[in-house]
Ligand code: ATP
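Encoded as structure tokens, the following chain is the form predicted alone, with no partner shown.
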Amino acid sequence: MAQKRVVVLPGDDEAPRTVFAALEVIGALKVEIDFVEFPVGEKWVRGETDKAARAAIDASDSTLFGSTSGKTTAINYLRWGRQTYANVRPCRYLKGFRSPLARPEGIDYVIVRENLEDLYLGLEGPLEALAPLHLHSRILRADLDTSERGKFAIKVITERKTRQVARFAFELARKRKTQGHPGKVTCTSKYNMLRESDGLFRQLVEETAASYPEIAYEQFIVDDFARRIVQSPHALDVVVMPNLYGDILSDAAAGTIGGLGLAPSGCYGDDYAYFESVHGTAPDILGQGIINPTATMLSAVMMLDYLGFTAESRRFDQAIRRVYAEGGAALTIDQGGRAGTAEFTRAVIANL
């Protein structure tokens, strides 16, 4: 296999420590990857570093990204510049995870979050700016009162992007079915209240389902679905939802298996993908060396698989499994152990 090129954006605050831990394991695997590493967010120079990062991303096969609190700004280019429309967030329980559930064994599903639109376009402003539109509320059966002091936010759901992420979800379910999973897609949104926007999302996913007769399909209103990820998560396989719900509910899903330190993700487009943990930059434990790198390591596992390093990806994943299965002091503090980030990383490398 030809050598791959991967951009490394370590991120801000304590996030870089998890990225460097993942890179240490990849180094031990001796994977043929040329890493192009950028500075941590505190050393990021807006404009200058942004331009260099965009050029490097365009010349690379993938990016491993740490979390940002706003200092590392290349995330916008990775997302909208490269049109990575499907944010894949696995929720998989491994033996040894410190789950609050009585029976978490067997939880293994994937949230596919639409990644480019919904409320995340940042279309907000003063309520009075809507006055010329004379908007009529279906609920109130009256025009919107724009005389109140307040703000608005616009939710955008388009047909093209919804069909795009729906097809991705069904293709993923088809692939997972060959690996022994149920082969089912669940759609969720607030289609009972937001009949136009979330209703369109549900309609288009439902239409896509007709092209995949071998994949089971179901749909739930989002508040009902929130209950299901706690009460019956074992019944889920692939779940597709709009941007905002996916962001919120994937954090809740992580809580059911043991926390955000265990939650990886990958953002996929038609010709590019980047990988990052679901958690934030953890400024509250900055410099303490105790951040759990599992989420970033599992994101790196996903990246290796995407790049075609299937065997190395499997070895990395299995090594993490072994460390958790053995338990004890080698686990990080949040998972009931006594290890810092460095000690946990050494344990993973020892189990490759």
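Numbers follow the displayed sequence, beginning with 1. Computed from a predicted structure; not experimentally measured.
Missing here is the form predicted in complex with adenosine-5'-triphosphate; even so, the following discussion is about that form.
Between the options 58, 284, 48, 32, the residue in contact with adenosine-5'-triphosphate in the predicted bound form by a heavy atom within 4.5 angstroms is 284. Think of it this way: in the predicted bound form, adenosine-5'-triphosphate has a heavy atom of just one of 190, 176, 161, 279 within 4.5 Å, and the residue is 279. Of the candidate stretches 179-187, 91-99, 256-264, 162-170, only 256-264 has residues with heavy atoms within 4.5 Å of adenosine-5'-triphosphate in the predicted bound form. In the predicted bound form, adenosine-5'-triphosphate sits within 4.5 Å of a heavy atom belonging to residue 291. Looking at residue 343, you'd find every heavy atom of it more than 4.5 angstroms from adenosine-5'-triphosphate in the predicted bound form. Among heavy atoms of residue 24, none comes within 4.5 Å of adenosine-5'-triphosphate in the predicted bound form. The partner is not shown here, and in the predicted bound form the stretch 31-57 never reaches within 4.5 angstroms of adenosine-5'-triphosphate through any heavy atom.
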